[in-house]
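Taking the form predicted alone, here's one chain by itself in structure tokens.
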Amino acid sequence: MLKYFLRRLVMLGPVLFLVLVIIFSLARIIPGDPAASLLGPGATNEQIEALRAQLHLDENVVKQFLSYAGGLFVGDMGSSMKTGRPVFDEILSRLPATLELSIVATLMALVIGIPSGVYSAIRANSSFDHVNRTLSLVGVSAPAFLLALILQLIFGIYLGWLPVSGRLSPYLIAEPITGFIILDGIISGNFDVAWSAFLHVLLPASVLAAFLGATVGRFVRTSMLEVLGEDYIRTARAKGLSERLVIFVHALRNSLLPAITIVGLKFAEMLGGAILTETVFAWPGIGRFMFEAIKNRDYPVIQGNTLVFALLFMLTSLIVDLLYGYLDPRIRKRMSR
């Protein structure tokens, strides 16, 4: 597996370069002038041209690309056109918020999806199975922004149980330790901060968990039904093993293999694709940061964010493949070639 791991690492370079070329080109196709967007509607042509020169937007596109690519080789992603801060620092300050949201959403999806999928397979075609499949279909089909607005309206406005925006109550101050506010609150002993952060993450995490939980449940159900019909399951039952042992030890492990791929890939998508959810809930993560960058035509931020998204996606995919090989000896053998 070491050779496979090294081969995949070597592939990161060419793929990231291709992503860079594509996003660098697409960013400049976006209608509008970044200089005019930054200065506002009252800016004169002279002011716009002066800012374009200051931001090097008046240079040849090829020269701009070579300059940016050269900076990346020394770890410089450039500076945000809007804030003037280094893009890497901006992303690093927002990444923990997105990671925290994605981790909580994934845990919620697994807690709901795996048991519901297993029970649906055990009780196939029962009332629970029909209801569960219907809810799964709704979870897979519902648009994220619509579900977010519905949850905000019900739990935030009508019932008043949960906050509808932000990451922490404005009257609380979290001591930064790891960047994960829930964990930081627990470590520092400030349980008011930890509880407030937990309440704030519930609604956006529920939106992200809805699709993943429904998908995991459907995959686990289908896989479980196939596994329960295998010869080794019938053999295990014939040996007199308890049904609980057959289901949760022999059947569940093999049933989870397809779900692992889905969970890993969807987790990677959450890291870079939670733009709508973060925007609706005013969550200060890199998804919302990307949305603001596109709105402001902030080229360095768009390029830096996309590269980070691509890198996170590829690393997560690699971890999933390695985990798949660890759980399935047949795949591990092919990886070792």
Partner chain sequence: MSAMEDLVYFLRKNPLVMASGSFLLVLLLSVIFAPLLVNYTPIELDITEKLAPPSRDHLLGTDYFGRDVLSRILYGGRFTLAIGIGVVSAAFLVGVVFGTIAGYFGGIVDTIIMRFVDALLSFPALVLAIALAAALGPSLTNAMLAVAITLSPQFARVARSQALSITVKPYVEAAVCVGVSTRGILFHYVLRNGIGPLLVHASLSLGSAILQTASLGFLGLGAQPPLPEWGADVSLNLQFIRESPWVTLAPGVAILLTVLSFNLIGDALVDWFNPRQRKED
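Bear in mind the structure is a predicted one, so any value in this text is a computation, not a measurement. Residue numbers count along the first chain shown, from 1. Between two forms, the rigid core is defined as the largest C-alpha subset superposing within 1.5 Å.
Keep in mind that the form predicted in complex with the partner chain is missing from the display, and what follows is about it.
- This chain is displayed without the partner chain, yet in the predicted bound form the stretch 154 to 162 from 233 to 241, 186 to 194, 154 to 162, 90 to 98 comes within 4.5 Å of it by heavy atoms.
- The closest non-hydrogen atom of residue 22 lies within 4.5 Å of the partner chain in the predicted bound form.
- Remark: residue 314 counts among the residues lining the partner chain in the predicted bound form, judged by a heavy atom distance of 4.5 Å or less.
- Under a 4.5 angstroms non-hydrogen atom cutoff, the partner chain in the predicted bound form has residue 299 among its neighbouring residues.
- The closest heavy atom approach of residue 36 to the partner chain in the predicted bound form falls outside 4.5 Å.
- Residues of 136 to 152 placing a heavy atom within 4.5 Å of the partner chain in the predicted bound form, in sequence order: 137, 138, 140, 141, 142, 143, 145, 146, 149, 150.
- Superposed on the core, the two forms barely differ at residue 188: its CA moves less than 2 Å between this form and the one not shown.
- After superposing the rigid core, the C-alpha of residue 126 moves by 2 Å or more between this form and the one not shown.
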